[in-house]
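Only one chain is given next, in structure tokens, and it is the form predicted alone.
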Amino acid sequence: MSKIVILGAGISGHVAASHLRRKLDKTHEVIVVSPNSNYQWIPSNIWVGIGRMKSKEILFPLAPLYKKKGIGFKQAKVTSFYPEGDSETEKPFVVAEYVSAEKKGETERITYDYLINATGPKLNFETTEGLNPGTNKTYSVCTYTHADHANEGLQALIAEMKKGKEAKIVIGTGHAKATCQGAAFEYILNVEQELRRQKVRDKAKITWISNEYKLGDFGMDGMLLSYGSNIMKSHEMVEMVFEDRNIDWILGAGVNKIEDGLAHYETLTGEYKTIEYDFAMLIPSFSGHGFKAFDKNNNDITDKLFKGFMIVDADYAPKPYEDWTVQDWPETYQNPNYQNIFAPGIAFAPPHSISKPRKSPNGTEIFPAPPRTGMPSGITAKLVADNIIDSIKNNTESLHHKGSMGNMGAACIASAGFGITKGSGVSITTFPIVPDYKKYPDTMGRKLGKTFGEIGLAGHWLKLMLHYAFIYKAKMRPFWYLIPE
């Protein structure tokens, strides 16, 4: 009998637990450890953040589902790792502290045969002074509670605008090394559409602020894409979208301080500037959770497991941007020091960014961190689960399932508006996520035909359909596994 422990119940953790439980018989334990009592479909936070969906429509409680499906659930947060066990416990284990009301503050040693670290990122708001959701007129859509607060702030501002107030709205990244530009991009389009719907668009000046060097970078170094019968660069497509909606933009901006209605930022040219706002939604930087690891003699071995995020089978050797290759990126998400530990999704430490690193004359790094949310999280979680399943069934290590972000595609659908007949979508599909300049030297590292963009109602319909499909999948309804990651 094997015991598989999954840390985290977001997209990666939940996908891994679902596939493990479906494919392994009940003699094997599957246990999820997460401080969150609910599963949430994060991509739909955008609609919650403009009031077009209620948060209850994008989440459901985990405990009843896991009990029904035979998955153990501990509402707790992991604090430390003991991959060799210790003097008291022979098997490897993690220490977790319960956060549920009935056990709050209690700790437990949770042993395992296989460990999947799917803890995702820490939302590192504190690295930008004053960036705290719900204060200083700044908001976030990173969680459903954040999105609820963002909607409250937005609707309060709209009420003032209906009385004649001229408003300044700023949306984008809130740190020089932030990621998730795609979420901010989708939110700015939805806010703009919501202002039109409520007939106050003429009262608002909307500005995109980002650490990207060019529009459409999205933390992926930009892309050359097919657009209908034409070929264009992603920055040209996003410029077209923003110009059509009268959205201004500030690029190469590292936001470093927030005051009430005032964002301070440094530019790639080394200038220090400010922008005023009445409402801002700024994505924070992401970081690891600061976990500690110890060997069986209680010596600190954190550097064997973590470099911020968890170390996996990537090439972490420092090298210049010109020498980066897709071979730098992991394929199995296995920790090289402890072969029974894996880290899919955002939990793994990337070898480097995807976008070209840039510094201001002041020495400040201003460029996006690499995105690993959404599709990559689900795909990597499933391949990790499949490798563990094969290893258990074959009674020997099996790593046949591989998936580097250098040979993996992803789709991003930024929907604007809500409903069946009203709305639009900006759809971008890219292959591969990490550009392969050797394989596709003439098309910015990506395969045309598999890298394309579309604008229109069809993309909006697809985003709406995917919301219901992935909630269905997450609830493990009949034949859920036929829906791809």
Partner chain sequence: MTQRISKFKRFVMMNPIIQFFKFIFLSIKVLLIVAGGHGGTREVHK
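Positions refer to the first chain, counted from 1. Everything quoted here is computed from the prediction, not taken from an experiment.
Beyond the structure shown, there is the form predicted together with its partner chain, which is absent from this document and is the topic of what follows.
The partner is absent here, but in the predicted complex a heavy atom of S404, alone among S285, Q75, S404, S234, sits within 4.5 Å of its partner chain. Proximity to its partner chain in the predicted complex, taken as a non-hydrogen atom within 4.5 angstroms, holds for one residue of T429, N36, S55, T443, which is T429.
The candidate stretches are 323-331, 173-181, 126-134, 354-362, and the one lying within 4.5 Å of its partner chain in the predicted complex by heavy atoms is 323-331. Its partner chain is not drawn, but in the predicted complex it has a heavy atom within 4.5 Å of L462. Within this chain, Y227 lines the site of its partner chain in the predicted complex, having a heavy atom no more than 4.5 Å away. Residue contact with its partner chain in the predicted complex: N394 places no heavy atom within 4.5 Å of it. Although the partner is absent here, L154 is not a contact residue: none of its heavy atoms lies within 4.5 angstroms of its partner chain in the predicted complex. In the predicted complex, M375, I379, L383 are the residues of 361-385 with at least one heavy atom within 4.5 Å of its partner chain, listed from first to last.
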